[in-house]
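Quick heads-up: it's one chain on its own, the form predicted on its own, in structure tokens.
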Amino acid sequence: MDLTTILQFTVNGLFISAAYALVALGLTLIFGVLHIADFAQGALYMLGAYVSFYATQALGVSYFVSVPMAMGLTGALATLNGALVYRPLQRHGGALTFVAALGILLILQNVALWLFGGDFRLIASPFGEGRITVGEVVLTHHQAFVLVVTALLLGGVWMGLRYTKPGKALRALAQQPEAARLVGIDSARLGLAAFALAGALAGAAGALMSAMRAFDPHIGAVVILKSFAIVIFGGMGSVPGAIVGALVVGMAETLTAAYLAAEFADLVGFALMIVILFARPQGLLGRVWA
């Protein structure tokens, strides 16, 4: 394998990892703070893609404006899910929230099928066929845009968790929930903030990828299963683990598709999850917050 091939695979793997990292980070935030495995985030990824598609096609909105529109709508919907579904059910045990999350995913998926049909959609990239070529390594302008926006979002979340008062409160609530409540931290309000942030990240991922990968109402189920495998691989509740796990799975999928067969690429994340559960049940980085 020559250097050019390695670099091209690295670029492709980073691009695939971008969407996984955003959704996995949202899952980690919700699980770390509220101990809820929110599979409904997959539906929010799918809705982010559709919001961007119809905003650009039906409303004539710029693609660059459609991305924050998708984030706002999915963040608001995630907050409603948290307030109206998860919080009441959480009082009766975590198993009910797990069932509810799957129910929301299926409901939103079927509503999308009813509203939008089952055809695949793809947004025309605002960058057209533009690409950056360094030697023989190719990076399209849209891929570069996705990588930059993802890096900004991940960096923003990390900085927020580390340096802002709400971020520090979220970390405290995740690490020592009882002690956090004793010092006056409002767990209910911060929980809804975690839902809003996670929903916005999922919507951003769907909108960003909608111009590169065709999507239909079922895409959310595939993405959330992979993202959940990434969270387990990196460590449940670990922010760095979600990002590292997304990078590992994205690179592994790229190499599997290139050297084995494309149809096996989707299995890699689940295989890595099983291996890490046997070798290190707490995940690669364990429960570590930023």
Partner chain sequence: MGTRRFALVWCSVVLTAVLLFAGGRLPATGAPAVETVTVGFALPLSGAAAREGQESLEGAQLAVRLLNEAGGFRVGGRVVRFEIVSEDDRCAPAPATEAANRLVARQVQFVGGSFCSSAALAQQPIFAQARIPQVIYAYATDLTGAARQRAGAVLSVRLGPQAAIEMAPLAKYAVTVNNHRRFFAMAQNTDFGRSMVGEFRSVLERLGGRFVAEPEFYTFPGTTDFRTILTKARGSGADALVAIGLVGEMIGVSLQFRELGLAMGLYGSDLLEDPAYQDAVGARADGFLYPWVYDDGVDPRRFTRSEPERMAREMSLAFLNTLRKRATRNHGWGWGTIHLLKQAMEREGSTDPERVMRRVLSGARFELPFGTYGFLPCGQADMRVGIGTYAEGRRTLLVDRDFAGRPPAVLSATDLCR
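Take the two forms, superpose them, and find the largest set of C-alpha atoms that agree within 1.5 Å; that set is the rigid core. Numbering follows the first chain given and starts at 1. Just so we're clear, the structure is a prediction, and the values are computed from it rather than from any experiment.
Absent from the display: the form predicted in complex with its partner chain. The rest refers to it.
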Q: Give a yes/no on whether Gln90 approaches its partner chain to within 4.5 Å in the predicted bound form, heavy atoms considered.
A: no
Q.
I'd like to know if Val61 sits close to its partner chain in the predicted bound form, meaning any non-hydrogen atom pair within 4.5 angstroms.
A. no
Q: Evaluate Ile219 for contact with its partner chain in the predicted bound form, applying a 4.5 angstroms cut-off between non-hydrogen atoms, and reply yes or no.
A: yes
Q.
So, Gly155 and its partner chain: in the predicted bound form, are they within 4.5 Å at any heavy atom pair?
A. no
Q) Thinking of its partner chain in the predicted bound form, which stretch from 205 to 213, 146 to 154, 78 to 86, 96 to 104 has heavy atoms inside 4.5 Å of it? A) 205 to 213
Q: Select from the listed residues Leu247, Met69, Ala258, Ala37 the one whose heavy atoms reach within 4.5 Å of its partner chain in the predicted bound form.
A: Ala258
Q. Going by its partner chain in the predicted bound form, which residues of 4 to 28 come within 4.5 Å of it through any heavy atom?
A. Thr5, Gln8, Phe9, Asn12, Phe15, Ile16
Q: Indicate whether Phe270 shows a C-alpha shift of 2 Å or more between the shown form and the other one, with the rigid core used for the fit.
A: yes
